[in-house]
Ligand SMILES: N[C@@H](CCC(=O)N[C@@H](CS)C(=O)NCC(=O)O)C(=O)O
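Presented below, as structure tokens, is a lone chain in the form predicted on its own.
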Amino acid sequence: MIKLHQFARTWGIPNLSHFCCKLETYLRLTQIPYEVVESMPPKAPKGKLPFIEDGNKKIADSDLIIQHLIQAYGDKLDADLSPAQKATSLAMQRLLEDHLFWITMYTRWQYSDENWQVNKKAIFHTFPLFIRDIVAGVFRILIRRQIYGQGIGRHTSEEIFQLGRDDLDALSNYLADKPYFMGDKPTNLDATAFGFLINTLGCPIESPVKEYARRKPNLVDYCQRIMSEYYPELDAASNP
């Protein structure tokens, strides 16, 4: 059975990592058996989560993992998509992973001290108390440098949040009234979209981007539907 190495669950959502949530959702959409191993980035082959163990193979990076799973277990989600649909799906995934992701990282690691304290507790609470703040502070410096290097961190807060609202408009307009982004059935894009949208809507990190997403009924309903269908144990816990 595949071993999925990822952060421990918190906040009542599948994972605080967009990419861990993306990969676990892919596994649930495809019904590939797996077990979760709670881990931290230093244990990962590339220093980031998630990674998997499949037999004697260790594979890191969510895209490369999904490529491996398709080769090993078949393309269970995108086989019926046309080349044009696959191109659109890839473009939407890049919007989520290479743009909206950095905006949400800004809200967690830089935007406000309140958000930082929530984020720090979720990630670093298992560290010994005497080193917790030191380790968290070092990681915060490193990630803020990444946000700046990517380019998002060079803008003002309002500029960043407007870019985020633009991303959410594009996602909401494309989803429209469809149950899934590419139509009536889930595809690879839905694993990514849910992983990133639930990490905007479903976590206790407050920002104008989150507030704007809440005003998109189709995005809210989309996340609730996937939680109910594919993560019923978490949905039941969050809705007693």
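A residue's number is simply how far along the shown sequence it sits, counting from 1. Remember, predicted model here, so these are calculated numbers, not experimental data.
Quick note: we don't show the form predicted together with this ligand, though the next part is all about it.
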At the 4.5 Å heavy atom threshold, is Gly202 in contact with this ligand in the model of the complex? no
Although the partner isn't part of this model, could you tell me whether Phe139 comes within 4.5 Å of this ligand in the model of the complex, counting any heavy atom of the residue? yes
When the contact criterion is heavy atoms within 4.5 Å, does Ser17 count as touching this ligand in the model of the complex? yes
Would Phe101 sit within 4.5 Å of this ligand in the model of the complex, counting heavy atoms only? yes
Please identify, from 160-168, 85-93, 126-134, 141-149, the stretch that has a heavy atom within 4.5 Å of this ligand in the model of the complex. 141-149
With this ligand left out of view, which of Glu38, Glu211, Asp63, Glu35 would have a heavy atom within 4.5 Å of it in the model of the complex? Asp63
What is the one choice in Leu49, Ile198, Ala191, Met182 with a heavy atom within 4.5 Å of this ligand in the model of the complex? Leu49
